[in-house]
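As structure tokens, one chain now follows by itself in the form predicted alone.
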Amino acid sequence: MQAAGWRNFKLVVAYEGTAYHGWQVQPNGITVQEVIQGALQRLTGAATVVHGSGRTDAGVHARGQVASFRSRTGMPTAELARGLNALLPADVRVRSLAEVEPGFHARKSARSKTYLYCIHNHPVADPFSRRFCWHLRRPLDAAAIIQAAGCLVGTHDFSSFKAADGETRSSVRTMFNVRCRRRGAYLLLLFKADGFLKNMVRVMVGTLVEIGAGRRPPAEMPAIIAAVDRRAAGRTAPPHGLFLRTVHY
């Protein structure tokens, strides 16, 4: 139950992650959570904890990160959103801000998330997409990637795709959908699941790229999953091609 005078807010935030050490506050560098909390304190005069739907790693971007916070501010939501955007750096933007029911929590209320990974697959790098796409010169076989990606759908132990230092109670997740789309020289990979382990999308992408490049057959993917061993999967794709696209409630 929410105490009298407290209001609960939901933010949808977009950010370019290039300059940040990820979402969560940490001692070794500036983070997105830190700059939002700082802007809120300047705006409302009170220290405020902002809860994100999940962490994004250093260099990872977001189009639809969701966050929530509680505040006693009397400011209207539209004024609060304008004030935050006026105080935030240009690479972080509040796309929407709404007052929500007391029980809403950005992380605990989330049902699933969709991540997008962008690959620029062309002999010549595009200087205008270098911060947002993994550039790969050699052609990738999209059909092989699609075949292998289909094996990821379902409920599995995704330990093979988890960072070595990733700490979770369980590595079992349900992947609802994996899509691969080619848009000219760009290959877009979308992953929707009920949750993701540390570096999970990036390791899956790195493995799928090895398959698309012909270094592994698509038929190897079930064995990679079954191994529940990070050494069975491919390299970790770089962070700058990854976007948290949507959080579903």
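Computed from a predicted structure; not experimentally measured. So that there is no doubt, residue numbering starts at 1 and follows the sequence shown.
One more form of this protein should be noted, the form predicted together with a further copy of the same chain, which is absent from this view; the next part is about it.
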Check: Among 104-112, 91-99, 139-147, 175-183, which stretch has residues with heavy atoms no more than 4.5 Å from a further copy of the same chain in the model of the complex?
Finding: 91-99
Check: Thinking of Ala14, Asn85 and Phe128 as the candidate spot, does a further copy of the same chain come within 4.5 Å of a heavy atom on all of them in the model of the complex?
Finding: yes
Notebook entry, point to check: Would Arg202 count as touching a further copy of the same chain in the model of the complex under a 4.5 Å heavy atom rule?
Noted result: no
Check: Looking in the model of the complex, any heavy atom of Ala164 within 4.5 Å of a further copy of the same chain?
Finding: no
Notebook entry, point to check: Any chance Val124 has a heavy atom within 4.5 Å of a further copy of the same chain in the model of the complex?
Noted result: yes
Notebook entry, point to check: Taking the shortest heavy atom distance, is Val209 within 4.5 Å of a further copy of the same chain in the model of the complex?
Noted result: no
Note to self: Please tell me which of Val66, Ala193, Ala62, Ile224 lies within 4.5 Å of a further copy of the same chain in the model of the complex, judged by heavy atoms.
What the structure shows: Ala62
